[in-house]
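Presented as structure tokens, the chain that follows is alone, the form predicted on its own.
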Amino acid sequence: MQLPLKNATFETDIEPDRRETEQPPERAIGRVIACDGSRATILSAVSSGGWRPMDIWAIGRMVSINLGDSRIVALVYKVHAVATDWSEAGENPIHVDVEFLGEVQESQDGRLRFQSGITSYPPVGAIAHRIRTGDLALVHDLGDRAGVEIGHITQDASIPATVSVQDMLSRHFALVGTTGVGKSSAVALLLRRAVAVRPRLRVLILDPHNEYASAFPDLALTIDGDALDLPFWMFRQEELADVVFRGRPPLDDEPDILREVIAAARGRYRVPTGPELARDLGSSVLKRPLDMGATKPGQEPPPQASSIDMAVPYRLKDAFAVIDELIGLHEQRWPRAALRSLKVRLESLHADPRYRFMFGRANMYETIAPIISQIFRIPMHGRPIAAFQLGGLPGEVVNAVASVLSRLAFDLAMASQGACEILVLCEEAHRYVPSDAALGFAPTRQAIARIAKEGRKYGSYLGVVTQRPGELDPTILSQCSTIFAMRLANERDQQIIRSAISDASASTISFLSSIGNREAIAFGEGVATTMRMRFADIPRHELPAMGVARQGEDGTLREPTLDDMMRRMRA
């Protein structure tokens, strides 16, 4: 069998793509023998002695097809031998299947431009070449858009992998990959690049594994269960009910009783009665409506009130007093059993040391301003990132806390009219917005979905990180216009990512199960074109690490002592 480049039957008017006369002819590596609307088959040959592990026909590499005044850029996605036997001595013909990505066009003044899609299809016999380094760089060039370097292209380490932070944030982004492929370090790198070029950006990390505190020692404030103040009165009715009743089904009337009790307790806080009223009158100090959107006594809250409007303080002792009064009524509005059950639930929460962040210092605050200042870094004081350690909170309250934080992030960004940009990064996002609507917590799903659908208008952005995209709400993932797909072994997860890719490089996803650690397939609005890239190394002291280990003076991680573990268990 004759070699493709020596076969006289392949006639073409196009000269081999050689910039210099002394350039070796091996730049031409095959000829097109079949073509359809988006793909082509190239006939080439390889020999046992000339094969190299990083040969040009390796899966996932790009080649070019010469058309004279332009060059088609194509991606190799399948290689197979023509014959069933293999010759050790001679060259063996192979078929290489490629997918068209776009074309490099050269103007009369010598300027090059890459565009997605192609205007002319290669004829049978067109020559395939090793892609030029300049063309490969042009394919991944952001053009007029400002970009930051986050690593390098896998095919050529000399070409930086760049991303437009503006487009990545404003249109939301997702990073997916199985456990152990380097998701957390990639997230840390992206966040550092983002806050470096966006001085107004604030980042709130919902960190279920307590691993990001060590990643930003110079940029982040770590908020754990001990440092957190999130008063119970900041929780909406359904959020507080999720905390009160989670794990123990309520009696039929308990949710309705809770609603009435909270409304009455809020009214008593704003309008004191009895001994408190006499004391306040005597000192000429009357409690007045809160200055952050609170309504006047007796006035109903406005429709669709924001988080700030709804965050009206009340005292738990007033709630207990209201329940006692309801129990003592001669004409019972609610069953006494339901009233007593609700009071026991509230008393047990109030006494539980794990809920100190909700009840311990709740009535030390008259407004939510100091809470907002701490969580959302206003002012920043050089630390625009808040690493919110959810791992130290009781499991039954995590969803409600995530709902409160996501809701506040959206309302704050909207109130600032874009002056305060907030990125909410959801680690293990499939916990909060699962694909099954019957799972998860509805208010959390609604709060995150609101950021995904409307946040761009107000400067509220969403970052989604998950190891199981197949278990994530597809509506949320569809709102993420930039996706970094790291190694995924599960076929369903791969299918989800395959359906999300919109350009002509869907075959890139076919090798998601075999890419290396810290490698990713990046596609969407934030990058120039779909690229296989490798994230840059970050210093050891900026790597995310599980919170149970502590770094010693020599930089190594030491095992926690028994006292450390007992203290954490008590907390």
Ligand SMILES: Nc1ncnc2c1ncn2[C@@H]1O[C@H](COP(=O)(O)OP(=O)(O)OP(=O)(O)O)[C@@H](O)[C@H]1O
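Everything numeric here is computed off the predicted structure, so don't read it as measured data. One rule holds for the numbers: they count along the sequence shown, beginning at 1.
Another form exists, predicted in complex with the named molecule; not displayed. Remarks below refer to it.
Contact annotation: Ser185 falls within 4.5 Å of the named molecule in the predicted complex, judged by heavy atom distances. In the predicted complex, at least one heavy atom of Thr179 sits within 4.5 Å of the named molecule. The named molecule in the predicted complex is not approached by Asp69, whose heavy atoms all lie more than 4.5 angstroms from it. Using a 4.5 Å cutoff between non-hydrogen atoms, Ile538 counts as a contact of the named molecule in the predicted complex. Look at 70-78, 323-331, 171-179, 377-385: in the predicted complex, residues with non-hydrogen atoms within 4.5 angstroms of the named molecule sit in 171-179. Put simply, of Arg518, Arg61, Arg39, Arg31 only one has a heavy atom within 4.5 Å of the named molecule in the predicted complex, and it is Arg518. Checking Leu43, Cys35, Leu543, Val46 against the named molecule in the predicted complex, a heavy atom within 4.5 Å turns up for just one residue: Leu543.
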